[in-house]
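Presented as structure tokens, the chain that follows is alone, the form predicted on its own.
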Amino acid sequence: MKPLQDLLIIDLSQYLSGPCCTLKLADLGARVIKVEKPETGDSCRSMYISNVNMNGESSIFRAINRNKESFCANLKNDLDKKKVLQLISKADVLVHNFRPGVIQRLGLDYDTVKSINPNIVYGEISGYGTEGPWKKKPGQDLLIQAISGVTTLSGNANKGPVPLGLAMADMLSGGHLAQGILAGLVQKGKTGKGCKVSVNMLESMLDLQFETVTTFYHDGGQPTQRTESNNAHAYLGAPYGIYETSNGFLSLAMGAIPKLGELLDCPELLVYQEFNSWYDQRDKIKQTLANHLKTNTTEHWLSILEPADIWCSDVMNWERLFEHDGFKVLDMLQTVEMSDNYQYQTTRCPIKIDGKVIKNKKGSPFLGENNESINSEFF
């Protein structure tokens, strides 16, 4: 039995942030009924990140909406809305990610929902919260990253702001909402009362930067300074970064520069005996390392550094990673199947309970696939 088995979640969200939250809860055993617009459904069904079409719809939708049911309902239609309210009255959790004001116009705000189901845990995600000058801005991932300051941390100093290569604000806020909902369910178990859990994408991105924000406020507000080359962390000293070798790349985390000089037979590094110089002179140190590491292979350098307990690693692409025994032993992939027997491979839940891997065989639903069974069960 999975931890959240027998919990019913009504999911009014679309795109990535809300569905990311409900995916995590579904993986842990909750039943998720995804309420979608007739004909078009969740806009993510037709939002492609590549030309990959998976059984008629986007790979994003297939990946993030597996293990859910689809119920078509027009929330502006009185009969359909009545059905959704009946579902909500029997639910443990409701999730939405409408912009501030939209949920009130639909008549599905927390006060309304609480009046028909006082025990519900009501979860919502917005872009910037419900107050302030940004509250009506579109909560889109790249825009959130740009505002949050996170793009000033990646890339080299002379390359301008660099966004993260994933929809990090969406996924983080979805994870935070799932965490908040679980806390709300624990509180409900203690008090018998439901609650409203609110997350916004900007705060999730700020929370991601808790280390650097704290540092900024305690180093006199010095401007963020990325290194001129091999930047991997705007605040850490040398050698922290990724370096090109003669046949690939090598990542180096924290380490003593003189020791690296000895191990790598690079005498130019031996002059940096003082710890502070690893910060003050990090551009020069990184350039010296970059020039030296190009002279031999990744495997050669690893054979020297790893036995000396230097924190380092190869830099892999997915093809190489997926063929490595270190990845295979994780059993991180699963094959899921849709109702028409279409199968696809995707990741599994990363959480283990009592040492057991959690997998679910159910793929994503077709639009309105479960209307008949849900109508029969609930209405």
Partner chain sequence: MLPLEGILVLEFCQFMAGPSAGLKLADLGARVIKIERPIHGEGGRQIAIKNLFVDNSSLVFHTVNRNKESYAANLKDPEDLENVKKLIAQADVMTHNFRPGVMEKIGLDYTTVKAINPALIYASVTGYGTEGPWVKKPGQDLLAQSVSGLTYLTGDRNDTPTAMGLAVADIYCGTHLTQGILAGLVRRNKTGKGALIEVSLLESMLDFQFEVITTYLNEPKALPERTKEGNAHAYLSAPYGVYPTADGHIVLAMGSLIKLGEVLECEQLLQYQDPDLWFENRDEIMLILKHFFASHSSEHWIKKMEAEDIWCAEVLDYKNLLEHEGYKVLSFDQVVTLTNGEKVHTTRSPIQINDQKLFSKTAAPRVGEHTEQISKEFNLM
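Residue numbers count along the first chain shown, from 1. Since the model is a prediction, treat every value here as computed from it, not as a measurement.
Below, we turn to the form predicted together with the partner chain, even though it does not appear here.
The closest heavy atom approach of N317 to the partner chain in the predicted bound form falls within 4.5 Å. Within this chain, N276 lines the site of the partner chain in the predicted bound form, having a heavy atom no more than 4.5 Å away.
Using a 4.5 angstroms threshold between heavy atoms, Q345 counts as touching the partner chain in the predicted bound form. Heavy atoms of M54 reach within 4.5 Å of the partner chain in the predicted bound form, making it an interface residue. Considering the partner chain in the predicted bound form, the lone stretch of 262-270, 243-251, 71-79, 101-109 in range is 243-251 [heavy atom distance within 4.5 Å]. A232 is the sole member of A290, A256, L87, A232 with a non-hydrogen atom within 4.5 Å of the partner chain in the predicted bound form. Proximity to the partner chain in the predicted bound form, taken as a non-hydrogen atom within 4.5 angstroms, holds for one residue of A157, V186, I116, A308, which is V186. Although the partner chain is not shown here, in the predicted bound form the stretch 148-163 places heavy atoms of S148, G149, V150, T151, T152, L153, S154, G155, K159, G160, P161, V162, P163 within 4.5 Å of it, in sequence order.
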